[in-house]
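Just the one chain here, the form predicted on its own, laid out as structure tokens.
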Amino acid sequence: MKAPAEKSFEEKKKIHDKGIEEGAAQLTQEKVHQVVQQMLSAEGGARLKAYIETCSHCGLCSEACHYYLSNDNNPIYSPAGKVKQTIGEIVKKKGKVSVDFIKEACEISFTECNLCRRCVMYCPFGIDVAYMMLFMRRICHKLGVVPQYIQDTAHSHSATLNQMWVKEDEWIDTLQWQEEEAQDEFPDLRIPIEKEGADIFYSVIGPEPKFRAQLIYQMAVIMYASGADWTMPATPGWDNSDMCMYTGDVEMVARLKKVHFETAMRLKNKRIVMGECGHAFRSVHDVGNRFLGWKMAPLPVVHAIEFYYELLRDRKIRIKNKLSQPVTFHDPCNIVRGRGLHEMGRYVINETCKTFIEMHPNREHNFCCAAGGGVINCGPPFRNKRVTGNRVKADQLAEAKKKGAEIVIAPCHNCHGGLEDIIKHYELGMELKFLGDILYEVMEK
């Protein structure tokens, strides 16, 4: 293990972010103290206290964190170190911290932790550092100090009920456009809109109609070929993404998930099938329902991996020719550590690809892409920090490439964004695909 580089937060390169700076400019130390005290008394219960008081600073979490490993084992990037620099100091000083402290704590909690929960597995006490970073973000949200890009996305979602400001007629136009494109290949294919009683309510994240409409096309073909009874809504409620979950705006999370669930229930659909997105699945399956006061979602929620697995297992989709190029698989945190879909993902790959090369570590031990947890959504000011903060991911991919892997499969939108930057920055020369890309390419149509 290399000797830790003794670099403090003050010595790190300062990154200017308009949201953080302008939010902080509105604060006084008294206001900070007041809001933090309210948060600690109202929401900082036994769980926070137990985590803070239990941590023995043993350092076992450090080796689990890609930021720590990629920054030459600098202890300020260790999970325990990040807690100490943020919520730990706030609890210790009972909220009597400066405005400058809040700015630094905001940057650490939003851009130096992906909330991936890898460190939780290595902590002997099971301390959930992601929970504490989210608590810090919640304080920042209450103070109005949030990185500008992710706050803009959260505002868009709260105003239009989708994060990309897609108007209702544009959404329907996109579905009809993809239907017409697909009808060139399959003349009787339809993208059913507002079909009551359908087995499947299919939902996607905001960027799909905006930037990746071909994924809607591909899923329409997969639904068509498998004979699925499905629909998509014409009204708001189609966007299952959730940056509010990462800005600490839990009230808005509940509102957005309520719209999503109510849209599926209005159509009397039997289950929600979601596209290939990890954070959206975390929000719909595991977070939004709890903020609404429900133990579980009101109807079954299925990630695309589970759906593809069902189709292949039940032979509703048949493979014409397996993909010949060697592939490797990136296990997304939210659906593997969070849901345990790693073996289903491998089943789909082995059914559709001739040569599968594991990257190491893998499954629940896989390293995060460094885009998740809303970090990539904090935008260009923090891009270089994010990419250099995940050098270990580049090493992991390079090792898989040495063994012959040409394609990286990542069934998550945020992972695509993060891995795309890593592949480009470290000049790895690997192709990046969704599972749906592969399935569409090799299936009988």
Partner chain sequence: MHAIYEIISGPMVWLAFGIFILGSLYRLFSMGRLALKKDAVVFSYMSIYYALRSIVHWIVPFASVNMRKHPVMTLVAFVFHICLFVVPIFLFAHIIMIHEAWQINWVYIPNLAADVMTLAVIGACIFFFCRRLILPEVRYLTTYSDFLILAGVAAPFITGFWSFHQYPGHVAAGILHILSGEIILVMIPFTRLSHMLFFPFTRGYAGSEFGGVRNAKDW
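What you see is a predicted model, and the numbers here were worked out from it, not measured in a lab. Positions refer to the first chain, counted from 1.
Omitted from view is the form predicted in complex with its partner chain, to which the following refers.
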Exercise for review: With its partner chain left out here, work out from 45 to 53, 398 to 406, 25 to 33, 378 to 386 which stretch has heavy atoms within 4.5 Å of it in the predicted bound form.
Suggested key: 45 to 53
Review point. Among G81, G206, G373, G237, which has at least one heavy atom within 4.5 Å of its partner chain in the predicted bound form?
Key: G81
Check your understanding: Given that its partner chain is left out here, which of H365, K96, K258, K268 has a heavy atom within 4.5 Å of it in the predicted bound form?
Key -> H365
Review point. Is E89 close enough to its partner chain in the predicted bound form to count, meaning some heavy atom within 4.5 Å?
Key: no
Review point. Any chance P300 has a heavy atom within 4.5 Å of its partner chain in the predicted bound form?
Key: no
Review point. Does its partner chain come within 4.5 Å of any heavy atom of E179 in the predicted bound form?
Key: no
Practice item. Check whether E420 has any heavy atom within 4.5 Å of a heavy atom of its partner chain in the predicted bound form, and answer yes or no. Key: no
Exercise for review: For the stretch 53 to 71, return the residues whose heavy atoms include at least one within 4.5 Å of its partner chain in the predicted bound form, in the order they occur.
Suggested key: E53, T54, C55, S56, H57, C58, G59, L60, S62, E63, Y68
